[in-house]
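Let's start with one chain on its own, the form predicted alone, as structure tokens.
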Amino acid sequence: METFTKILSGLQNYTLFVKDIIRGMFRCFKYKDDALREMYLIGAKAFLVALGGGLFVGIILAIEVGHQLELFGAKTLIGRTVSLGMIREIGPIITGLLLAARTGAKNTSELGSMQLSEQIDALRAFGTSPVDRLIVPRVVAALIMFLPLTLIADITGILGGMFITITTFHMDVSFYWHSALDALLLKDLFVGFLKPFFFAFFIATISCYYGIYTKGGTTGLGKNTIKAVVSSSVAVLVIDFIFTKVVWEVM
């Protein structure tokens, strides 16, 4: 019962925290320089992470699917499977999970350190809102940069699938691209490009929440960093499930 009450209290605090963030986003231009800096740290610095993750997932997907389709003489469907898989599901998911670890740990550790060293209390003492100054720029940066990073993962994954199709299954590149592009519908692009915004919002807000509510010294900071990464990753999977269910039921 005590654990359940603690969970409800945490959800209530998180909801109020998110409400403050949404209000602060209307004043985000006040700290645009901080947002630009976070865009560089979250986006440009994570370029190789998204590129490598997307590339190897696309290669693995093409190998696994290709060998199965080859048994039925349907190698021309490799491009279709890779493009749909990367854009609808795997591209956003792998990017979200990688960034949940990277961005989540970064936000929690930075804000947690500031909380423990009383820098956040100092901001309040000078009349500056910690949410507006420290958290909103991180959320805005994540909302802007997660989609380009997902696109990078999608494109490199499809290119990786093309490489495997040509070298391993000896299929003409034109067949691969015709199959890959012909399979994509507007709803596939809509779903694949909308997911990153939801992933970004929840990853950023969850990690910042655990950071700013850090207690218990370095031990508490370590625990909260782990909680932030785990909670963000679970949120990514839950949101993806909801999207998939809604799309197949409605669209």
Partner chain sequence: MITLNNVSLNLEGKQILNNISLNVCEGKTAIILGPSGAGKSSVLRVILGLWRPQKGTVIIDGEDITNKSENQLLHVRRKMGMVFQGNALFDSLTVAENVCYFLKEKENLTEKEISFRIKESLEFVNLEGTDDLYPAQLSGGMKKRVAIARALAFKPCILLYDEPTTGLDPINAKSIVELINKVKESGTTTIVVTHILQDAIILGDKLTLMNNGKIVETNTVDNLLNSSNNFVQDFFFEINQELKILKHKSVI
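In this text, all values refer to a predicted model and were calculated from it rather than measured experimentally. Numbering follows the first chain given and starts at 1.
Only in words, not in the display: the form predicted together with the partner chain, which the text now covers.
Contact annotation: the partner chain lies within 4.5 Å of heavy atoms from the stretch 24-32 in the predicted bound form, the single such stretch among 39-47, 24-32, 62-70, 180-188. Between the partner chain and the residues 155, 77, 171, 123, the one pair within 4.5 Å by heavy atoms in the predicted bound form involves 123. In the predicted bound form, the partner chain sits within 4.5 Å of a heavy atom belonging to residue 134.
Using a 4.5 Å cutoff between non-hydrogen atoms, residue 129 counts as a contact of the partner chain in the predicted bound form. For the chain shown alone, residue 114 is a contact residue for the partner chain in the predicted bound form, at least one non-hydrogen atom being within 4.5 angstroms. At a distance threshold of 4.5 angstroms between non-hydrogen atoms, residue 223 is out of contact with the partner chain in the predicted bound form. Contacts of stretch 215-239 with the partner chain in the predicted bound form, defined by any heavy atom lying within 4.5 Å, are made by 215 alone.
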